[in-house]
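Only one chain is shown below, in C-alpha cells, and it's the form predicted on its own.
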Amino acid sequence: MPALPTRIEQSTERDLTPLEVFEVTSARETALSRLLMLYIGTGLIFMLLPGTFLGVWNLLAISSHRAADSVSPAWIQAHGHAQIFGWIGTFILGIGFFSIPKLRRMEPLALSVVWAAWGLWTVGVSLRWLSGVCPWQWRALLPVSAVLELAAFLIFFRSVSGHRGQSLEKDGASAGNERVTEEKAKLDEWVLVVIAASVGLLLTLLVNLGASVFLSVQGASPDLPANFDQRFLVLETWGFLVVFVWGFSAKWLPIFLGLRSLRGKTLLCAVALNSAGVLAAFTGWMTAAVVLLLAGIITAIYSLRLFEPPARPAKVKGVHASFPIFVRVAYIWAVVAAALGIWAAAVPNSHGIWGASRHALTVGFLATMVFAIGQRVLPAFSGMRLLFSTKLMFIALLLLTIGCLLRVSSEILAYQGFARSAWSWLPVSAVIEMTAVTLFAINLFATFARRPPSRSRPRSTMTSRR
C-alpha cells in the first residue's frame, strides 16, 4: 500500500477500503492539526517577542520620559503590525484553514497550500517588523513584506471559498434531498460576516501595499504619517478584526454560552453600520465614523443576545467556569472603545484618549476574545486535546483585564495632563499585560505538548479485519 501522506493528497474515498478510508482520514486530521498548531505557535511567538515585549519596551521609554513622542513611530507601528497581523492575523488564518472547510462541508484542502500560506505570511510579517525596528534596506523590505502578506491571504481566500464536497452534491440526487441541498447552499449569516471580514482584510492588505510602495519611493522613514496611520488603524481593527470576531461569535457563542437564536439580519445590519463607520474614518469624517462604530457594536451585541437570559447552560467543560463572563466583558470593552472614540473626536489634542480607545479595542476586546475563545476551541482543534490548565486560563484573563483597565485609565490621565502620577502607572499596566500574555502562551504550548487521545477504529472495520 502506498505511503499514507501521498494517498492523503491523491486518493478519493472510492479508491480505498473502509480501513484505508479511516487511516487516510486520521492521517489527514493529524497533519492538519499539526499545521494548526504551527500557525498558533507562530502567532504566539509574534505575540510575545516582536509584539508584547517590544510594546513593553516602548511604554517603559514613554513613561520614563513622560512624553508620548519619546519613542520612534516606526517602532510603535512595528509593534502594532506584529500584534495585529503576526499574532491575531496568524491565528485567524490557521483557524480558518482548519474550521471553515469543515463547517461549509467543502472538499479537503491540499496541505501544501496551507504550508505555502504559512511560509509567505510568516516571512512577510517578519520583514515588516524588521523594516520598522532596523533601518537596513527598509525601502526594499517594506514593499516585499506587503506583497508576501497579500499573496498569503489570496491563497487562503481562494482555498476557503472553494466548492463544496462531492458527497453533499450526491446526497441531493433524490427529490427529498434536493431541498436539503438548496438549504445548505444558502450561506448562513455568520459565513456572510466572515466574508465581509475577509474583504476588509483584503482592503487592508491592498492599502498596506500601496502605503509601503509610497514610503519606499518617497518616504524619509519607514513609519506612516500620524494622520494616515490613525485612519489605517481603524481599517485594520474595526474593518476586519472586529468583523472576524463577530462572525465566529455568531457561529460559536450560541453553542458555548447557550444563547438564544442569533438575530441574523440584525447582525448584517451591524456589519453595514460598522463598514460605513470604517469608510467615514478613512475619508476623514472621524466624528461620524465613531458614532457609526458605536451603533454597529451595540447592534452586534443585540443580534448575538449576549446580555439576554440564555436558553441553555453554558458549556464550560474543559475551560474555566468564568469563560462566559470574560466573553461578555470583552464586548463591553468594545463599547468602551467606541465611546472613547466619540470623546476623542469631540475635543482637541486628544492623543491620549485616542490611544486609550485603541487599547480598549485591541486588548480589552480582541485579545480578551482570543484568550477566551482560543483556549476553548484550539485544544479541541489540535487533535482533541484538553486545555493544560483552566486556572492559568482564568489568571491570564483576569490579569489581562486588570492591565487593560489600568492602561486605558492611566493613558487618558497621563497623556491628557489630568494626573502626572499616572505616568508611573503605565509600566505597571505593561508588566501586568505581559504576564497575562506569557501565561496564555505557556498554557497553549503546554496543551500542544500533551499527547492527544488515541482514535479508535470503527467497530465495523475492526470486525472486517477478523
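From a predicted model like this one, the values you see are computed outputs, not experimental measurements. For every residue, the number given is its place in the sequence shown, counted from 1.
Note that the form predicted in complex with a small molecule isn't included here; everything after this is about it.
Heavy atom to heavy atom, is H359 within 4.5 Å of the small molecule in the model of the complex?
H359 belongs to the contact set for the small molecule.
Contact test in the model of the complex: S410 vs the small molecule, heavy atoms, 4.5 Å
Contact check for S410: no, nothing within 4.5 Å of the small molecule in the model of the complex.
Contact with the small molecule in the model of the complex for T390, defined as at least one heavy atom pair within 4.5 Å: yes or no?
Looking in the model of the complex, residue contacts with the small molecule do not include T390, since no heavy atom lies within 4.5 Å.
Can you tell me whether W87 touches the small molecule? I mean in the model of the complex, with a 4.5 angstroms heavy atom cut-off.
The answer is yes: W87 has a heavy atom within 4.5 Å of the small molecule.
Interface stretch in the model of the complex with the small molecule - options 316 to 324, 227 to 235, 249 to 257, 297 to 305, non-hydrogen atom within 4.5 Å
Selected stretch: 227 to 235.
Are all three of Q77, Q83 and E433 close to the small molecule in the model of the complex, meaning a heavy atom of each within 4.5 Å?
Answer is yes for this spot.
From the list L397, L59, I40, A414, which entry has a heavy atom within 4.5 Å of the small molecule in the model of the complex?
In short, L59.
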